[in-house]
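The chain below stands alone and is given in structure tokens; this is the form predicted alone.
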């Protein structure tokens, strides 16, 4: 019987150097898309998927993330006193239930695999989701919800994936695909950041994973991969054949908010998806288009 996915890991220890100087004093995960920080979108996606415990793997200078998910008593009192009840409700909606959050420090920036490994004691003997806030996915049904529904049928390890241009494979983990069934694709291998000539396909892994406990054991070997970092992709690749392993072609539009253009595109797309903003934003876009 497939165990349910109840926990999620959010690796949020990165420095965000691509967004300097904005990230000199602000975690990149707190950068807002319209009016909500990236990490809030990831947490909301986890909640929609039925996740019960949220595990944040942080680093130095990330206390703003902890504060964001806590009570802001002065702000809440001010909003209540001024009868700004809608704004007050928005603030309260960011606060998870007591005991739902855990924060672990990643002392050294040794890669995504190392960040995930740091959370091993809080995961235990059950599958766990991993969400990267940099990858923002606009969809009527959250990407993780889609994956968990599929995972309930097949179990094992699972990665979200999408097609990319052949010349972009060097920026992703790339799947060596097997048999396809609907949105599921059998994973027969994974290569981290292959040169286009060496890529087994153009199916790239993006920042949503469901991993089984043996992955943590493999990560504990501390083997370095691409970029001299401990890569989650490498540990997953070594699980091929040991358990079911599938890639999931998710429904929705993914925005790479780890770079400036992708971040700006996400802001436009999310604003256009809101009825209270779309007409004005469209007017601005039209104005730029006219020059």
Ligand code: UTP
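None of these values were measured; they are calculated from a predicted model. Positions refer to the first chain, counted from 1.
One more form of this protein exists, namely the form predicted in complex with the ligand; it is left out here, but the text below deals with it.
S.K.: Could you check which residue among 106, 169, 157, 146 gets a heavy atom within 4.5 Å of the ligand in the predicted bound form?
M.R.: Looking at the other structure, the residue within range turns out to be 106.
S.K.: Of 173, 111, 142, 127, which one comes within 4.5 Å of the ligand in the predicted bound form, counting heavy atoms only?
M.R.: For this set of options, the contacting one is 111.
S.K.: Determine which one of 247-255, 260-268, 25-33, 44-52 lies within 4.5 Å of the ligand in the predicted bound form, judging by heavy atom distances; exactly one does.
M.R.: That would be 25-33.
S.K.: Would you check, heavy atoms only and a 4.5 Å threshold, whether residue 132 touches the ligand in the predicted bound form?
M.R.: The answer is yes: residue 132 has a heavy atom within 4.5 Å of the ligand.
S.K.: Determine whether any heavy atom of residue 15 comes within 4.5 Å of a heavy atom of the ligand in the predicted bound form, and answer yes or no.
M.R.: Yes.
S.K.: Mark residue 115 yes when one of its heavy atoms lies within 4.5 Å of a heavy atom of the ligand in the predicted bound form, and no otherwise.
M.R.: Contact check for residue 115: yes, within 4.5 Å of the ligand in the predicted bound form.
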